[in-house]
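Take a look at this single chain, the form predicted on its own, given in structure tokens.
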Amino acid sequence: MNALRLLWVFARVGAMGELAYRANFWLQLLESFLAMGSTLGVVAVVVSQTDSLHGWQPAELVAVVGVYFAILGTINLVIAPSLSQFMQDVREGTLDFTLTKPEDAQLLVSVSNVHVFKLIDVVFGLAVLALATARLGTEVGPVQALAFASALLLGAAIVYSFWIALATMAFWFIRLENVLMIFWMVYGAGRWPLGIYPDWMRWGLTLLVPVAFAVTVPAEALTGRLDAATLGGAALVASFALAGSRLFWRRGLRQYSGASA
């Protein structure tokens, strides 16, 4: 609850800052519309040439796109801007202002910068997801909905752990922008189901960059493809990822000497 309260406070601050430049809203709307339109256009071209892609029907492929954009919007809404600001604070020695506050430092740096206009991507993703669900032709029951929500939360937890671990490396390295660019390039593979890629790439998208857990697994839950073993594996990975990133954060924090050093 404390995390939600802090997120709400920072979201209000972020909203006040962004609403001062309302033209940015229309630019973001156009950018999101073009990105979603181009992605769905590519899916339309693919399904016009085949009835299914590695067993995935057209509506199921659209569901993958919806999950992809919902997670993408969430990353760009709070995770990416907050942790990018954190890495800048480490370089400049201004993290001191965060460390002197009574709240947990990791929590503060994780929600300190909210780009509210990125909610457009989340809304677009959920809208496409709802459209895909309606076209699947099967009723989504309570168990399936619970599995989807659980997979989505677990995927978000794994992605967050990955980001906070990367950001923590700022305590040792000056520049990490290139590493983050690699993440964004690899994340683009999440527009498609994991099964279409060769084995070596599937392992990379599962273990090195958690695209599979973030996008494909929730989409599998919604389309009835997810089994209990995979969901349990996602829960196990999320638990280890959260615990490991927390330990790594504490170790990195001990390396920080502050502006007065």
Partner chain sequence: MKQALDLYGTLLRVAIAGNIQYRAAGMVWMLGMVIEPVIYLVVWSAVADSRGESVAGYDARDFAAYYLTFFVLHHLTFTWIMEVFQYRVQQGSLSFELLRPIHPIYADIADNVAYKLVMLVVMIPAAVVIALAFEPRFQPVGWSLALLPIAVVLAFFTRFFLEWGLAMSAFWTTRTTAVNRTYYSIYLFLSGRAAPIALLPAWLSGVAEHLPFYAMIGFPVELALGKLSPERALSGLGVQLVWTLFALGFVAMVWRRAVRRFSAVGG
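Residue numbers count along the first chain shown, from 1. All figures in this text were calculated on a predicted structure; none of them were measured in a lab.
The same protein also has a form predicted in complex with the partner chain, omitted here; what follows describes it.
A.B. asks: Using a 4.5 Å heavy atom cut-off, which of 127-135, 162-170, 89-97, 186-194 contacts the partner chain in the predicted complex?
C.D. replies: Flagged stretch: 186-194.
A.B. asks: For the spot marked by L27, V45 and M181, is every residue within 4.5 Å of the partner chain in the predicted complex through some heavy atom?
C.D. replies: Yes, the whole candidate spot contacts the partner chain.
A.B. asks: Is G224 close enough to touch the partner chain in the predicted complex, meaning at least one heavy atom pair within 4.5 Å?
C.D. replies: No - in the predicted complex, heavy atoms of G224 and the partner chain never come within 4.5 Å of each other.
A.B. asks: Using the partner position in the predicted complex, report whether G41 sits within 4.5 Å of the partner chain, counting heavy atoms only.
C.D. replies: Looking in the predicted complex, residue contacts with the partner chain include G41, since a heavy atom lies within 4.5 Å.
A.B. asks: Taking heavy atoms and a 4.5 Å cut-off, does L34 contact the partner chain in the predicted complex?
C.D. replies: So L34 counts as contacting the partner chain.
A.B. asks: Can you tell me if L231 lies within 4.5 angstroms of the partner chain in the predicted complex, counting non-hydrogen atoms only?
C.D. replies: Outside the cut-off, so no.
A.B. asks: Select from 104-127 the residues with a non-hydrogen atom within 4.5 Å of the partner chain in the predicted complex and write them out in sequence order.
C.D. replies: Read in sequence order, no residue approaches the partner chain (within 4.5 Å, in the predicted complex).
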